[in-house]
Ligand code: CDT
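Below, in structure tokens: the form predicted on its own, a single chain.
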Amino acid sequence: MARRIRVAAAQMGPIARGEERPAVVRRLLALLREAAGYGCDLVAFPELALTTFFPRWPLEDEAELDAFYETAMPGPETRPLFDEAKRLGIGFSLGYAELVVEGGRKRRFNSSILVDKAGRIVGKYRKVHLPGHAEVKERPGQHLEKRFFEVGDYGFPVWRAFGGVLGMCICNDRRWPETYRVMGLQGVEMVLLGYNSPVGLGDPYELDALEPFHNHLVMQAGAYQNATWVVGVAKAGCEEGFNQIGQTCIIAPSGEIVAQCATLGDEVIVRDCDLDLGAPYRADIFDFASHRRPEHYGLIVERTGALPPPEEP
């Protein structure tokens, strides 16, 4: 009998800088209830789903910065989401900014959690591949994740939940093959992936122009090469003057996009995901035990050598 999870990907439209947390949670609750109405087992929310993408500003005031972070999960303002999920019998993943005090100092992470149908946190992940920069640059928009977050210190774990093996990653993680492969080597069957991807920050035009293509390319490749479902959930639309690409989608282990959002606002898409769909790929094309030979990688480099640096013009 096939192992199936009915999954909802809950895209969010823009969140304004001044939008208060209870108002954002009400939007999340509406999406959660819609997913539950479709009979979903699990709903995935985007990266930084509780706030605007605040790393776009060089914030200096400590109190203003701290207000974007969660110091407890659930906390007083997010508790209704957990309670409603438990009442409805639906799990969720949620991206948020995390603030902890360890060793007498503040530590800040771009994090996500996995919550089961009983409203219990069963997994937590902290973003590893932080994009952007730490210093303020002369450009139309900033991307200061390195300024406001530490590199995640949990690695890429997976969890046995919802009848399968689930993993999480966040935004820029999706561009790096190691992200999927580390989880793939642990038998991951579904990756929940939230992102906020803007254009117009001052990157070269060719990068912005191809951002929608590259967004799907990396997720489809990660899904196919590791025989896993990937649920890519975006923050979308024009947020505080910057366009976010959206393109929330659900990708099968074949690498095919099987569902995709059609708007740049709050929207739910649903798919029945057969967790056994990746089994033929893992048994044949991507049978790591039979075909993957990491012990030979060093030998290949040794024999081929590194390319010499280019000559000065």
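Throughout, we count residues from 1 along the sequence that is shown. Only a predicted model underlies this, so the values are computations on that prediction, with no experimental measurement involved.
We do not show the form predicted together with the ligand, though everything after this point is about it.
Identify, from the list Gly119, Gly152, Pro198, Gly164, the residue with a heavy atom within 4.5 Å of the ligand in the model of the complex. If I apply the 4.5 Å criterion carefully, the residue I get is Pro198.
Just one of Lys106, Arg175, His216, Lys124 has a heavy atom within 4.5 Å of the ligand in the model of the complex. Which one? None of the other options qualify; the answer is Arg175.
If the criterion is a non-hydrogen atom within 4.5 angstroms, does every one of Gly132, His143 and Cys171 touch the ligand in the model of the complex? All three within 4.5 Å in the model of the complex.
Can you tell me which of 182 to 190, 111 to 119, 89 to 97, 198 to 206 lies within 4.5 Å of the ligand in the model of the complex, counting heavy atoms only? Answer to the contact question: 198 to 206.
Would Phe53 show up as a contact with the ligand in the model of the complex if we use heavy atoms at 4.5 Å? Yes, contact at 4.5 Å.
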